[in-house]
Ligand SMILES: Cc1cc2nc3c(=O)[nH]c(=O)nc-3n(C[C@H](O)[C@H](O)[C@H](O)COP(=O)(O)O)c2cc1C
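A lone chain, given as C-alpha cells: the form predicted alone.
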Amino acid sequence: MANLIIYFSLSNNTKSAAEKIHQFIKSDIVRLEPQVPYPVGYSNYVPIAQKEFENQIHPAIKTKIANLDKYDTIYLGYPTWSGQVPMIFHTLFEKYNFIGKKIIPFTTSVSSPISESMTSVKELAHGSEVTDGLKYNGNDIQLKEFLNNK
C-alpha cells in the first residue's frame, strides 16, 4: 500500500511542511483547494474562516483524489484555525472514505499546539486510526524523528 500527503495551505507554511515530509518519505502529495478561492492575505481570509466555523459551512473543494483506496496511510496537513482543522476538511471527509486508514496529522501554527486540533481530527476521521500529530516549526531533526516513529 502507499502513502498520501493531503494538505491545505493559504500562507504556504503548511505547503512547506508537506513538501518537507514528501522529501523524507515515499508518497504522493495533493494540495486541498477550495472551489472558490479564499482571498489573499491573512486579514482577508480570517473573517471568512470565522464565518465558516460559526455557521458550520463546509466549503466545496475542487481537488480530486484519484483512487484513494490505494493509500493506507494519509498524512493530513493543515493550519490550526480557532483550535481546529479548517472547515474544508469536513468537506474532504464527507466526499471521501477514510475508514480503516491510518491518519497522521501535522499542523503549522504560530501559537496553537497540535493538541488543540486533535479532537477535531479524531471526530472527522472516526473509523480511522489517528496517530499523535506534529506541529511543524521548521525543525527537520524533530520531523525526521516523528516520521521514523510512524
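In this text, residue numbers run from 1 along the sequence as written. From a predicted model like this one, the values you see are computed outputs, not experimental measurements.
The form predicted in complex with the ligand exists for this protein as well; it is not shown, and the discussion that follows is about that form.
Heavy atoms of no residue among Phe93, Tyr96 and Ala125 are located within 4.5 Å of the ligand in the predicted bound form. Only one of 125-133, 21-29, 138-146, 8-16 places residue heavy atoms within 4.5 angstroms of the ligand in the predicted bound form, namely 8-16. Taking non-hydrogen atoms only, Thr63 never approaches the ligand to within 4.5 angstroms in the predicted bound form. Using a 4.5 angstroms threshold between heavy atoms, Gly83 counts as touching the ligand in the predicted bound form. In the predicted bound form, at least one heavy atom of Ala49 sits within 4.5 Å of a heavy atom of the ligand. For the chain shown alone, Ser111 is a contact residue for the ligand in the predicted bound form, at least one non-hydrogen atom being within 4.5 angstroms.
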